[in-house]
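First, one chain by itself: the form predicted on its own, in structure tokens.
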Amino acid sequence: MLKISKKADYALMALQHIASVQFGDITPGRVVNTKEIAEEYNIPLELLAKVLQVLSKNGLIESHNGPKGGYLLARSAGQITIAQILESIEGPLGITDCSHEKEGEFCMQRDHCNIRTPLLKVQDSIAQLLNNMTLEDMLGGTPLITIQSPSAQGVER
């Protein structure tokens, strides 16, 4: 099953919160601290701190030290893709083990695999979607994509 990990989920939630505060109308530019995010979304503080450190290390957010310190996005929400966020936390995205074969690694089924090419097409589609979707898109509150099922044609919802 394709699933986003808890760490990645927390990263998305935290970055969305930071962006909404940083670019919001009430106090634009205000830094957001770990405790604020943890309390707002009921995220374990220690785990969130580790996630934010990884995001900072990977250049997605900037850390500001001191008693009134916290985090800000390193660039605009429209310049941070969902793929960048997920890869920052999870590493290279892939739906199969053979998606990221490294030098010297070899899948025993490769010569006989009848699903590698179709699954790589699925992976490419997912990667394209995640690379085109930004943090700013997540702030909009409107559906980002519409999925139409061939069996649902002519059915009103």
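Numbers follow the displayed sequence, beginning with 1. Model, not experiment: these values are computed from the prediction.
Another form, the form predicted together with another copy of the chain, is not on view; read the next lines as being about it.
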* Structure fact -> As a check of understanding, the residue in Pro28, Gly69, Gly59, Pro92 with any heavy atom within 4.5 Å of another copy of the chain in the predicted complex should be identified as Pro92
* **Option from 128-136, 59-67, 28-36, 45-53 whose residues, in the predicted complex, bring a heavy atom within 4.5 Å of another copy of the chain** => 128-136
* Asked: Would Ile80 show up as a contact with another copy of the chain in the predicted complex if we use heavy atoms at 4.5 Å?
  -> no
* According to a 4.5 angstroms non-hydrogen atom cut-off, is Gln16 in contact with another copy of the chain in the predicted complex? -> yes
* Asked: Hey, in the predicted complex, is Leu73 touching another copy of the chain, heavy atoms inside 4.5 Å?
  -> no
* Scan 3-18 and note down the residues that get a heavy atom within 4.5 Å of another copy of the chain in the predicted complex; none is a fine answer too. => Lys3, Ile4, Lys6, Asp9, Tyr10, Leu12, Met13, Gln16, His17
